[in-house]
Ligand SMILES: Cc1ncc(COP(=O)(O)O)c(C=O)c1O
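First, one chain by itself in C-alpha cells, the form predicted on its own.
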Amino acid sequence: MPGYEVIGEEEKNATLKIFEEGGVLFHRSFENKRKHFYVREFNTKCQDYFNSTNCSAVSSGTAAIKCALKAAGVKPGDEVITQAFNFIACVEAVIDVGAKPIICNVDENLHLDMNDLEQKVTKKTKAVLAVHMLGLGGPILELKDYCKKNNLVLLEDACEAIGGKVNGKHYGTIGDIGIFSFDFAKMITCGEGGLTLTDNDVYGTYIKQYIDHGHENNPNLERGHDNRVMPGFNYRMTELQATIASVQLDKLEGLVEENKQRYMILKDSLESLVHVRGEFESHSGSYDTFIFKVKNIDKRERVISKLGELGFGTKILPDAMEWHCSAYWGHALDDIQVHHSKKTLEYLEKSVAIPIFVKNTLNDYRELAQSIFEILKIDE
C-alpha cells in the first residue's frame, strides 16, 4: 500500500511544528531562527532504523540513483547493467552521468536473471544497478557475491520494496549503496524525496558533499567560508519533506504487516490456478503488489475488467508497463538493448499486478480473490 493512504494528523502536526519553531524550511544554517535540523535528524533516524552507517536524504529517488552512481565512480565510457523490468529513472540516471545502460532480462518471476547478467558483463562494466520491483526482492545475495568476485559495484534500488528484508536485513542495505524513493506512490512518502544508504564511509561522505554543491560541511567553518571539495549539485531534501518522511517511517512496520495479510489472502486463493510470482527463500517483501500470470488473453482481460469494476485497478501491469519495461525505451537506449528487452516484455504482457491498499479491508480482498478465482477456474 502507498504511504499516502495513512497520511493524517501526525504528518499535519509535524509540519505545523516547523512553523511554530520559526518556519525554516532549509536544512542548513539559520541557527538563530530554528530549534531543530529535521533533515539531519531524519538521516540519523534512518541510520538507526535500517542499521546503515551513512544515510543521506535527497530530493527524489532519481536523485538518489544518480548520487549513488557518482559516488561509485561511474563515468563516461563505463557500462552499468540494470534490468528490463524497471523504472525509466534508472536508465536516465546512468545516461546522465555519461555511462551506457546495458539491459539484463528478468526471469519468469520478474526478478533479475543472473544467467543473463553474467552474459552482459564486459571489461567496461563498472556497476550493477539491481532493482527490487513491486514489493518483492531480487537475487541480491547472489548478486553481492558475484559483484564482489568480479570487482563490480552493486547498487541496490529498493524504491519499490521499502520495508522488505533478507535474513532480517533491510533491502537497500545489502549492496554497496542502497536507494529509496519517497514519492507519492511509495510505501512511505513525503510527496517527493529519496535516500541513499551505505556502510562505506567514502561513498557516504561523497554523497553528503555532492548533494550540497560540493560543500565539505566543515563544522569548524561558517557555511559562507566552507571548503569546496568538488563540483557538486543541489539534490537536498527540505525540512518540510523530512518531517513528513519521519512520521511515515514510524508507520512502516505496520504498513508491511497490513500488506502481507492482504497479499496472502490472494496468494492462498489463487496459487492453485495460476503462476504466482515467486519469492526467494529467506526474503520477506513489502508485499505492496500481488503479481500473477494469466496466459489466456480472454481470462486476463476479464480479470483486469473485474479489478476495475471492483475499484482496485491494476498497478503498472498493464496500466503503466511502457514506463517500466525497457522494450519501450528506444528514445534512451540503442536498438540492441531494446531488442534484448523483448523476452522480459513477453513475461510482463502475461502478468497482472494487483495493488494492495489499506483502505480495502481483508474481507474486500477475500471477495476479490473469490471473484478472480471464479474467472480463472472456467475451462475454455
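Numbering starts at 1 and runs along the sequence shown. Please read these numbers as outputs of a predicted model, since none were measured by experiment.
One more form of this protein exists, namely the form predicted in complex with this ligand; it is left out here, but the text below deals with it.
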(request) Heavy atoms, 4.5 Å, this ligand in the predicted bound form: which of 112-120, 226-234, 178-186, 138-146 makes the cut? Say which one. (result) 178-186
(message) Although the partner isn't part of this model, could you tell me whether residue 337 comes within 4.5 Å of this ligand in the predicted bound form, counting any heavy atom of the residue?
(response) no
(message) Is residue 172 part of the interface with this ligand in the predicted bound form - any heavy atom within 4.5 Å?
(response) no
(request) Report yes if any heavy atom of residue 62 sits within 4.5 Å of a heavy atom of this ligand in the predicted bound form; otherwise report no. (result) yes
(request) Would you please decide whether residue 87 lies within 4.5 angstroms of this ligand in the predicted bound form, comparing each non-hydrogen atom pair? (result) yes
(request) State the residue from 131, 127, 104, 71 whose non-hydrogen atoms include one within 4.5 Å of this ligand in the predicted bound form. (result) 131
